[in-house]
Structure formats: C-alpha cells, structure tokens
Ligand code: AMP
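Next comes just one chain, in structure tokens: the form predicted on its own.
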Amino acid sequence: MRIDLHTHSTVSDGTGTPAQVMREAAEAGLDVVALTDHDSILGWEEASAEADAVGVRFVPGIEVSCKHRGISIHLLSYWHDRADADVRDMLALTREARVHRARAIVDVLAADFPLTWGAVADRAGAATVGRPHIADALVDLGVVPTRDAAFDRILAPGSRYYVPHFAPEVTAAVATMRRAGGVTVFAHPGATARGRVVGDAVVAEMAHAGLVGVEVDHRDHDDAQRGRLGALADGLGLVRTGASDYHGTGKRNRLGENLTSPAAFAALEAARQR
C-alpha cells in the first residue's frame, strides 16, 4: 500500500485543483492520499468525490501555520471536525494574517521590481494569498526562473523582503486540533534550508500537548536528519510518517517520492479512535 499524507492544491499554494491532485495520485500509483492545504479545508469535498471516482482512499487534512518563539512550524492535522468553532476561529486569524503579510511583502518588493498586488491576487485566484503566489508573480515578471528560486533568493527568512506574520503558538494549536478530533503530525521538522528549526525539547512539548507523529521522510531531510528525527520520534512514542509535500508544478516535489508505511498509517488511525 502506497500512502502519501501531504499534498497541496489550488485551495492554497498548489497548481492543481483538489480533483486534479486526486487524479494525479491515482496515476502515481498511490492507494491513500491526504489533501493538506495551508490553513484551509475548502478542497475536501471536491477531493473526496474525485478520490472515490478514481479508486484512491482520501484522508481529509490541513497544514496549519504555527510558531514557537518566532520560529515557524507547520503542523499537519488529519480527520479533525471541520465544524469545530475553536479550529475555525484559529484558521480565520491565520488566513487574515497571511493576506496582511502578503500585502506588506508586495509593498517592499515594489520598490525594486514592477510587482503589483493585482498580479499577485490574480495568481492566487480564490485561494488565500501567500508567498508562493508572490513567487509565481515574480516568475511571470522574469525576476526569477522558478518558484523555488524566488524562495531561495528573495522570499526566504533573512532576506530584506521577508515579513513575519501572526501564527498560533504550536502547542496551543496541537491541543486545539486534538480537541477537535484531529491527529497531528509535525511537518518537515528538520527543514533547515527554510530557516530556523526548533529543538527536541519543543517536540517533546508538542507530544505532551497531543502530537501524534513526526514527518521523518521528506525531501528537505537528508539521511542524517531522517536518522535523528526517527530516533526522536521513537523516543517520544510518536509515529514516523513520510510524504511528498506535493505542490504540482510549483515545486520539484513529486507525488509518492516519500511515503508513510501501512503500519504507521494504522497507528495514526488508532490515535484517531482514541
């Protein structure tokens, strides 16, 4: 069984619709796939219907943007109650902060590049505007060749164009999702190329708050990081997962390039029942 529990669609910063992601998952030979758009669940129905049509098991999920003492943390959550008021309020604040941040970044960039808010909004479409859409607009202008290049050169933490934003404190977010029935996994915790990462003590705090798993196998982790994170997960009694973090043509990540084992998926499902 081939299981990929981290993908994105046009609901956030992917390039394919939720239905397209499910069709591509089937074409990639996946048996189980989660849609985990950033701070949004608006793709669930479309993805679920298409997954049924193409014979893929759909897992409803989300990737929540969080922080710990100024360090960005991404939290995956599966199967949470979409009607939960606390979750809804937390995500609404996060999406609003994304828009304010994006406008601030565009204002700074416009001093050096012919970038407009309209061009970025067009790139986002119905999705909440974020840095990936700014990156795509910069590609359209010929400033950079790819989205990845925009993040490497212009939009990364430490760049003079970088703007911080509000995000919920991660242990509070873990507890909120858990109360709503969610099964949470720490996404790409060793992705040092994206900026600062938290230490093992913070992961232990997250586990105490209800964290269930750690995304060990990810494109952004080298062999040493995978070994360290796997040992950390085992020591804390957390489930090891793996996933592609697929964004369509927006990034180099390919569906199924990293997978969650059937045993690990069963453990996530068991945590859901608890």
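Numbers follow the displayed sequence, beginning with 1. Because the structure is predicted, anything quoted here is derived from the model rather than measured.
Keep in mind the form predicted together with this ligand is missing from the figure; the text below concerns it.
Engineer: Thinking of this ligand in the predicted bound form, which stretch from 125-133, 108-116, 171-179, 195-203 has heavy atoms inside 4.5 Å of it?
Structural biologist: After filtering at 4.5 Å, what remains is 125-133.
Engineer: Is Asp84 one of the residues lying within 4.5 Å of this ligand in the predicted bound form, judged by heavy atom distances?
Structural biologist: Because no heavy atom of Asp84 falls inside 4.5 Å of this ligand in the predicted bound form, the answer is no.
Engineer: In the predicted bound form, does His38 have a heavy atom within 4.5 Å of this ligand?
Structural biologist: Yes, contact at 4.5 Å.
Engineer: Hey, in the predicted bound form, does Arg147 get a heavy atom within 4.5 angstroms of this ligand?
Structural biologist: Because a heavy atom of Arg147 falls inside 4.5 Å of this ligand in the predicted bound form, the answer is yes.
Engineer: Considering non-hydrogen atoms and a 4.5 Å limit, does this ligand approach Arg101 in the predicted bound form?
Structural biologist: The answer is yes: Arg101 has a heavy atom within 4.5 Å of this ligand.
Engineer: Could you check which residue among Arg57, His247, Arg226, Arg219 gets a heavy atom within 4.5 Å of this ligand in the predicted bound form?
Structural biologist: Comparing distances to this ligand in the predicted bound form, the residue within 4.5 Å is His247.
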